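Before any questions on how it binds or moves, here is one chain, the form predicted on its own, in structure tokens.
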């Protein structure tokens, strides 16, 4: 039994939807998997610093999945390749966790449904936004419940594009979370609450004017601006070139803009130009939102 698990990159928060909103992106992580005695992971591609042993997130998630399913899993042999840059706010860790959950579930005969996999993956990750988009694809909304996180996926407007500026430098999620304030003002909470609702309405109605109003945040970006000063000038350049809005991708330092398809190349060029002017090395790419989440496919027999 050999199969390949493919998991998309993700961009979380999207401005106001802190720890709740995320988009699936077409950058993929692939994991060739077969059952084995013990766990072994060979890392290729964007793998600098990724452990190959028991501390690899694929292994941790696979073990957590077997425990959730109350099943025994002897081990997995995994070859891990990824297009997802590490520590940029594009869900590289979430992709590995989701891959481990999906792989273990596949080997065990799929005892867990996607919502159960979400709960297991979120337990490993610590929050549900990225893993929800990685599992379900599209635009996802994740929310806590007494039984664990639940999530739903909405179709993202086909006429819109994600424009991702990926800098050369890294930023750990732990560092980006540590800088957040422990308390927020009521006015800031109300500001974000209103904009999360407007964001959902904008997606459902395919209304760029509403999205332009929605893509602003007061809960996490003001603090993280100290770690990612480029957000300010790159976001302003993106909006001036025609983007509906531009925000940190997850914890950063990547920056996500959403723009009409016809203006997206111009937005990417503007983000690249201002980043070069400000000596913030990186590259902007235009992407469609990926409507498909994690998939497991058996290898074709050559016999």
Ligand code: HSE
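Everything numeric in this text was worked out from a predicted model, so none of it was measured. Numbering follows the first chain given and starts at 1.
The same protein has a further form, the form predicted together with the ligand, not shown here; the description that follows concerns it.
69-77, 126-134, 201-209, 140-148: which one contacts the ligand in the predicted complex at 4.5 Å, heavy atom to heavy atom? Only one stretch qualifies here: 126-134.
Let me know the one among 169, 177, 158, 110 whose heavy atoms come within 4.5 Å of the ligand in the predicted complex, would you? Checking each option against the ligand in the predicted complex, the one that comes within 4.5 Å is 177.
Within 4.5 Å, heavy atoms only: does residue 250 come near the ligand in the predicted complex? Residue 250: contacts the ligand in the predicted complex.
Using heavy atoms and a 4.5 Å limit, would one call residue 12 a contact residue for the ligand in the predicted complex? Close contact exists here: in the predicted complex, residue 12 approaches the ligand to within 4.5 Å, heavy atoms only.
Tell me, yes or no, whether residue 18 is in contact with the ligand in the predicted complex, where a contact means a heavy atom of each within 4.5 Å. Yes, residue 18 is a contact residue.
Can you check whether residue 196 is within 4.5 Å of the ligand in the predicted complex, heavy atom basis? Residue 196: no contact with the ligand in the predicted complex.
Scan 204-228 and write down, in order along the chain, each residue with a heavy atom lying within 4.5 Å of the ligand in the predicted complex. Going through 204-228 in order - heavy atoms within 4.5 Å of the ligand in the predicted complex - there is one hit, 224.
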